[in-house]
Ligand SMILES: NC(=O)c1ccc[n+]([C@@H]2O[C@H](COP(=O)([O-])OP(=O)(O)OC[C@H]3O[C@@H](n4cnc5c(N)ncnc54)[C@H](O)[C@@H]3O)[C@@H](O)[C@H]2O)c1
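To begin, one chain is listed below as structure tokens, in the form predicted on its own.
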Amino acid sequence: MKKVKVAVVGCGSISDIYLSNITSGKFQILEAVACSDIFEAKAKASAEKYGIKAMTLDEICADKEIEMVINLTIPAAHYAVIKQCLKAGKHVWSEKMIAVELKEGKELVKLANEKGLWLGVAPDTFLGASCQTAKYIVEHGLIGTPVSAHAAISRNYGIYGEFLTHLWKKGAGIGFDMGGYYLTALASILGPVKNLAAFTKVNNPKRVNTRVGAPDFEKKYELEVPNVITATMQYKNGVLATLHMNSDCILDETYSLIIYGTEGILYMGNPNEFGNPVYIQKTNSEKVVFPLTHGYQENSRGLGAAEMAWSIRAGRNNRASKEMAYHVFEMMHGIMQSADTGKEYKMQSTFETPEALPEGFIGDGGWTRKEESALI
């Protein structure tokens, strides 16, 4: 199978794991050939480290051999970068979320459809061993019929936001930054949401950067996004779910992702990781570890781009689809709108629940299947 040549745009902190996984041969379908960044020195450093070429975004878009762009820029740049690449005829895999404004995300989905191009959006952690095992448990009826679900996360964005300043700006915050992991994990198993209602709060909005040595040390800034979020969601299949997010808490990250069924309870792993343990609990029993049924247990960022590349070659829709990404994006906007208006938000978009990956592929060197069998 002919490899898909890719260029990475955005050489920030997340780019290392993407480029490391791709250039190490972890994903046989991908070939990294170039990288780009608005800071030329960053692009050159990444290019030298991974043996690829430093290029401008315009040069990447003009290069006919590059089929796919992996967009790892900050959220505020997603719309412009994705649009330019799509208009240049490139398939695009982007870090979450698809854009900042809802209308921008809708426009990008429409543009990709009009151009006949693949567009995929992170997170791809739902393709990892943990979430795929959870999907296996639900689809095989091991907890009966799903009835309700709960997702929660707390961490201290006051600390993270002092060096990743986009986290407290519009289009980010714990909702748009971390919400995608939890909502996508549930969406990949439970399908689309019908309606939702929410409350949000901006706790202690006026801040001072306390990170010694940071360029913005002792500078004042103001949070542009809520740091406390609660929501209730009704899925089209009848499942009721709650979401709780708090980024004005202690540094230690806590998480919970649970699906309650008529015959058992499923405790999913951290949706920001690929291979956390998965537990089930039955009547009159303590929760027990369920063996992971799928591969990609280690940090496999880039898996979504690889699966999309195989989809391009096979001529089918990719699992981390633009439709599911837009639906999750609309959900978070709906949560903000519901909190602002005090009214229930009715979802306008939908998507086809992605099929599970085939079982048995290890993905960490101890392969039991060829990659194309596992990702097609």
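What you see is a predicted model, and the numbers here were worked out from it, not measured in a lab. Throughout, we count residues from 1 along the sequence that is shown.
Keep in mind that the form predicted together with this ligand is missing from the display, and what follows is about it.
Shown alone here, residue 294 lies farther than 4.5 Å from this ligand in the model of the complex, counting heavy atoms only.
Proximity of residue 37 to this ligand in the model of the complex: non-hydrogen atoms within 4.5 Å are present. This ligand is not shown here, and in the model of the complex it never comes within 4.5 Å of any heavy atom of residue 135. Using a 4.5 Å cutoff between non-hydrogen atoms, residue 166 counts as a contact of this ligand in the model of the complex. Out of the listed residues 159, 280, 112, 77, 77 is the one that sits within 4.5 Å of this ligand in the model of the complex by at least one heavy atom. Listed residues 184, 73, 300, 130 were compared with this ligand in the model of the complex; 73 is the one with a heavy atom within 4.5 Å. Within 4.5 Å of this ligand in the model of the complex, a heavy atom is found for not a single one of 7, 52 and 90. Contact with this ligand, judged by heavy atoms within 4.5 Å in the model of the complex, is confined among 227-235, 263-271, 95-103, 285-293 to 95-103. Contacts between stretch 126-145 and this ligand, counted in the model of the complex as any heavy atom lying within 4.5 Å, involve no residue at all.
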